[in-house]
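Given next, in structure tokens, is a single chain: the form predicted on its own.
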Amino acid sequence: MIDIFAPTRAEKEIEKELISAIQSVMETGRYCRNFELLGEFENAFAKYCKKTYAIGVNSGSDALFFALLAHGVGKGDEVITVSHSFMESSASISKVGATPVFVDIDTETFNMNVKEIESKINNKTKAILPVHIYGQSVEMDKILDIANKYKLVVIEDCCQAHGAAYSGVKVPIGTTGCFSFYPTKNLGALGDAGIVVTDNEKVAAKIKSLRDDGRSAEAGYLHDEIGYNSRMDGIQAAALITKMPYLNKWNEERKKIAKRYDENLKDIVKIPKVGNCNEHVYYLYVIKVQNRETLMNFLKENGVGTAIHYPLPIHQQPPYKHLGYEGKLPVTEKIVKEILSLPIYPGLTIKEVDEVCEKIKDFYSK
């Protein structure tokens, strides 16, 4: 069986290093509030993203939530984003009391259609939350120009884009970005973990307080505000420190796999388009196909796992139906009936990629 996700293949290569790192944490007994170890990873990841600060939290969802709070987004505000994403891209907006305002996506890259943003701006608009979907950046120069023009906050959802670049600059392109380290991501932890990277000192300080029950200091029992228990734990920090040096190598593996898919499938299905100025890191390799469900069943019967990211847009999910976007995001509603994610991850062999391609060719040749 060729899995749709198999992060353990990459982990097998560095299994001894990972076990040693975890054992080191176990020997100290400092599983929680291990700020020395966490700080080591935060510094490494901030440097990787070329940002001044990085604040580790317990998930990508909390990273988005805290970034919005720290930038002053709250009740009565509106945040422009997309419906084609994981639920938390919008749920984080709702959790701070604001309302997501959806724009449609580009039919080729599946990213935010920046041409629709200005038409959605009004006196309630506080921020833009672009999602770098599947591993490539949104057209950030255009978004930042709009944000500067209307004095809006920009918070980038980089949860699927570790190492992705736009015009040679790694995401986030603006001041603040949020990452998930869910195990299947390009850089994955051994459980849930996330991080906010930013150049804004006040935002960084606010998130450090929020993640640690409202404490501004890393020790003691003085709580300056009502906060949350959302620190990245020591095991996750140790695992991520161990994996960080391999991220670029693993991203290159993903690119080679994607290139092989491109070469084999370009005349069979609609392959992913890489946007201008983009360096795509292929968290997912997503094609557009006809007869999707039949193809999925055929591939499953032939030992190939696939998935749909995401089958139901956020605006059609029960918590957001009341916003009234049904039928108003035609590209989003169309592509979710056509997209299909193929296996892509470090450790997937070229022979296996060719096997997947041959099965797809067999299906469409009948």
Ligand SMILES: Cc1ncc(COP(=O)(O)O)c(C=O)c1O
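Because the structure is a prediction, the values reported are computed rather than measured. Residues carry their position along the shown sequence, with the first being 1.
Just so you know, the form predicted together with this ligand exists too; it's not on screen, but the next bit is about it.
Peer 1: With a 4.5 Å heavy atom cut-off, would you call Y310 a contact of this ligand in the model of the complex?
Peer 2: Y310 belongs to the contact set for this ligand.
Peer 1: May I ask you to check whether C159 falls inside a 4.5 Å heavy atom distance of this ligand in the model of the complex?
Peer 2: So C159 counts as contacting this ligand.
Peer 1: With the partner left out here, check for me: in the model of the complex, does some heavy atom of Y261 sit within 4.5 Å of this ligand?
Peer 2: Contact check for Y261: no, nothing within 4.5 Å of this ligand in the model of the complex.
Peer 1: Please tell me whether any heavy atom belonging to R254 falls inside 4.5 Å of a heavy atom of this ligand, as the geometry stands in the model of the complex.
Peer 2: It does not: once this ligand is placed as it appears in the model of the complex, R254 has no heavy atom within 4.5 Å of it.
Peer 1: Partner absent here, but in the model of the complex, which of 85-93, 100-108, 288-296, 218-226 has residues with a heavy atom within 4.5 Å of this ligand?
Peer 2: One stretch meets the cut-off, namely 85-93.
Peer 1: Taking L64, S180 and A193 as a possible spot, do all three reach this ligand in the model of the complex with a heavy atom inside 4.5 Å?
Peer 2: All three within 4.5 Å in the model of the complex.
Peer 1: Report the residue, out of T306, N34, T332, S59, that has at least one non-hydrogen atom within 4.5 angstroms of this ligand in the model of the complex.
Peer 2: Looking at the other structure, the residue within range turns out to be S59.
Peer 1: Could you check which residue among H71, K206, K126, K185 gets a heavy atom within 4.5 Å of this ligand in the model of the complex?
Peer 2: Going through each option in turn, the one that passes is K185.
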